[in-house]
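Listed next as structure tokens is one chain, alone, in the form predicted alone.
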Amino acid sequence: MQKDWIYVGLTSLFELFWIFGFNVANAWWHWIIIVSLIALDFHFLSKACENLPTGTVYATFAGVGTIGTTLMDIFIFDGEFNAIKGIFMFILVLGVIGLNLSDNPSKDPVEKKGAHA
């Protein structure tokens, strides 16, 4: 299971790489690199979905990508930050955490024993 979460981290990271590439590409060969990054990104995404719930993987991937892209815009491309943007980023993080927690079955042996009765 740990390896699967590494794939989630890699797909989220590579998503940020190719989105950064969209912002800075100014030559035809840059697009070859970007398309290669996208292909590698979707490879990691599919590997993550092999053993983890697809909804959780995609929510994490999309959440990290959205927040990462917003932060990239603010810190690298001189975008502006305001309280509303911060509030919605916080809500997004809470949603991703909530989905991850809701997909993890209880490890409590008492609850499992009661479920079989």
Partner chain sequence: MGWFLVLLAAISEIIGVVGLRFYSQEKTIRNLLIYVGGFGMSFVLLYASFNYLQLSIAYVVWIGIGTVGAVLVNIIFFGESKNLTRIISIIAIIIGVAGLKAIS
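All values reported here derive from a predicted model rather than from experimental measurement. Residue numbers count along the first chain shown, from 1. If you superpose the two forms and keep the largest set of C-alpha atoms that fall within 1.5 Å, you have the rigid core.
One more form of this protein, predicted in complex with the partner chain, exists but is not displayed; see below.
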Exercise for review: May I ask you to check whether F77 falls inside a 4.5 Å heavy atom distance of the partner chain in the predicted complex?
Suggested key: yes
Check your understanding: Is K85 close enough to touch the partner chain in the predicted complex, meaning at least one heavy atom pair within 4.5 Å?
Key -> yes
Practice item. May I ask you to state whether L13 is within 4.5 Å of the partner chain in the predicted complex, using heavy atom distances? Key: no
Review point. Is there any non-hydrogen atom of T70 lying within 4.5 Å of the partner chain in the predicted complex?
Key: yes
Exercise for review: Would you mind checking 58 to 75 for residues with a heavy atom within 4.5 Å of the partner chain in the predicted complex?
Suggested key: Y58, F61, A62, G65, T66, T69, T70, M72, D73
**Study point:** I19 C-alpha moves between this form and the one not shown by 2 Å or more, core aligned
**Key:** no
Review point. Hey, does V96 budge by 2 Å or more at the Cα between this form and the one not shown once the core is superposed?
Key: yes
Exercise for review: Relative to what we see here, could you say if I97 and Y58 have their Cα atoms closer or farther apart in the predicted complex, with a change of 3 Å or more?
Suggested key: closer
**Study point:** Pairwise C-alpha change, V64 versus L92, in the predicted complex against this form - closer or farther, 3 angstroms or more
**Key:** farther
